[in-house]
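Below you will find one chain, with nothing else, as structure tokens; this is the form predicted on its own, and questions on how it binds or moves follow later.
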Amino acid sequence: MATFVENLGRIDRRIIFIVMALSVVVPLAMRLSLPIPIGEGPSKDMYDAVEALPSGSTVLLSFDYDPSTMPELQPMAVALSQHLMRKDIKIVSLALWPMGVSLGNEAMRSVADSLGKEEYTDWVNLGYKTGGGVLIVRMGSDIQSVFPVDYDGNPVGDMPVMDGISRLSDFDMILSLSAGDPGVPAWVMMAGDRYNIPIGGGCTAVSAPQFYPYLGTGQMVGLLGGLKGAADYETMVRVGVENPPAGTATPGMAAQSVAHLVIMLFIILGNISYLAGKKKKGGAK
């Protein structure tokens, strides 16, 4: 038994790599779903703020990320689109990052097709423009001066979804899914503070702590942080919905949890092996 315990510390690293890979792949392949308790916090605040919007409201949804952060932010985009469209809230989207246009389009189109929502009537993607904070300031006075046409070249002024929307202050809320700058900070400083518009957002887990002060000061109504925030929102959006579409954040959290448990197991086994070997050497002396 002692020899077996000592040998645990000499497991071939390739075996560890294989076990770690299986701990991620198997839960994802099985669509494993673990219970996700939803308590008070930034994710719940975000959901409550969107839920409080009346039907017929218009929300600006900004896709400020690229494929490198897609695993964390794309599930948020899908869940937010589902929530907004189910409440008959119109979505006007844009991107401060070039690749955000196609990622946002993919998320909104998949949800719109399943809910029977029409492009240009219920939602539109204005596209990408460079400029960051300067662009936001220009939109504060006249959106069509910045986006005369959408991403596909259609005149913005002819779209039913833009009825009554000419400047940022006409929106009921601004939501930014952000992987960096420009992103949430630019929207808070250049739009929320200046025009008194509620700002909500989503970000990667590693950048979430820098936005907590915005929550404390009331400059943001809520925040989705990383895959956990996406899974929280995905869970809340699916409550009370018959045959909800399969999400990606919840299985992702299950795979992440299993992988963490496996890592903890290897750490425990490694320490047991180390202590057993140390004890044997002490006894020999």
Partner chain sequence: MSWTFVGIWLGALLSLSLYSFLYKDNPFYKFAEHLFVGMSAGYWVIYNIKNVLIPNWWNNLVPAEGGFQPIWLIPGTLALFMLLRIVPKLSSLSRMSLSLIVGTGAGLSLTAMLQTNALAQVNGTIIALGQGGDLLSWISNIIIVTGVVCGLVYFFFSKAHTGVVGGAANIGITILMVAFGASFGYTVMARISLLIGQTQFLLFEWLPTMGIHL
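Only the largest set of C-alpha atoms that superpose within 1.5 Å between the two forms is called the rigid core. Since the model is a prediction, treat every value here as computed from it, not as a measurement. Numbering follows the first chain given and starts at 1.
This next part talks about the form predicted in complex with its partner chain, which is not shown.
Problem set entry | Per-stretch contact check against its partner chain in the model of the complex, the hit in 114 to 122, 189 to 197, 163 to 171, 86 to 94 (non-hydrogen atom, 4.5 angstroms) | Going by heavy atoms within 4.5 Å, the stretch is 189 to 197.
Exercise. If you check 49, 36, 236, 255 against its partner chain in the model of the complex, which one has a heavy atom within 4.5 Å?
Worked result: Only one option qualifies, and that one is 255.
Exercise. Honest question, do 78, 103 and 150 all end up within 4.5 Å of its partner chain in the model of the complex by heavy atom distance?
Worked result: Negative, none of the three is within 4.5 Å.
For this session: Look up in the model of the complex whether residue 13 has a non-hydrogen atom within 4.5 angstroms of its partner chain, and give yes or no.
Result: Residue 13 belongs to the contact set for its partner chain.
Problem set entry | Any non-hydrogen atom of residue 259 within 4.5 angstroms of its partner chain in the model of the complex | Residue 259: yes, in contact with its partner chain in the model of the complex.
Exercise. Heavy atoms within 4.5 Å of its partner chain in the model of the complex: does residue 109 have any?
Worked result: Outside the cut-off, so no.
Problem set entry | is_contact(residue 227, its partner chain) in the model of the complex, heavy atom dist at most 4.5 Å | Result yes; residue 227 sits at the interface with its partner chain in the model of the complex.
For this session: Taking only heavy atoms into account, state which residues of 197 to 235 are within 4.5 Å of its partner chain in the model of the complex, ordered by sequence.
Result: Contacts from 197 to 235: 205, 206, 208, 209, 212, 213, 214, 217, 219, 225, 226, 227, 228.
For this session: Compare the position of the CA of residue 258 between this form and the one not shown after a rigid core fit and state whether the shift reaches 2 Å.
Result: Yes; residue 258 is a residue whose C-alpha shifts (by 2 Å or more) between this form and the one not shown when the cores are overlaid.
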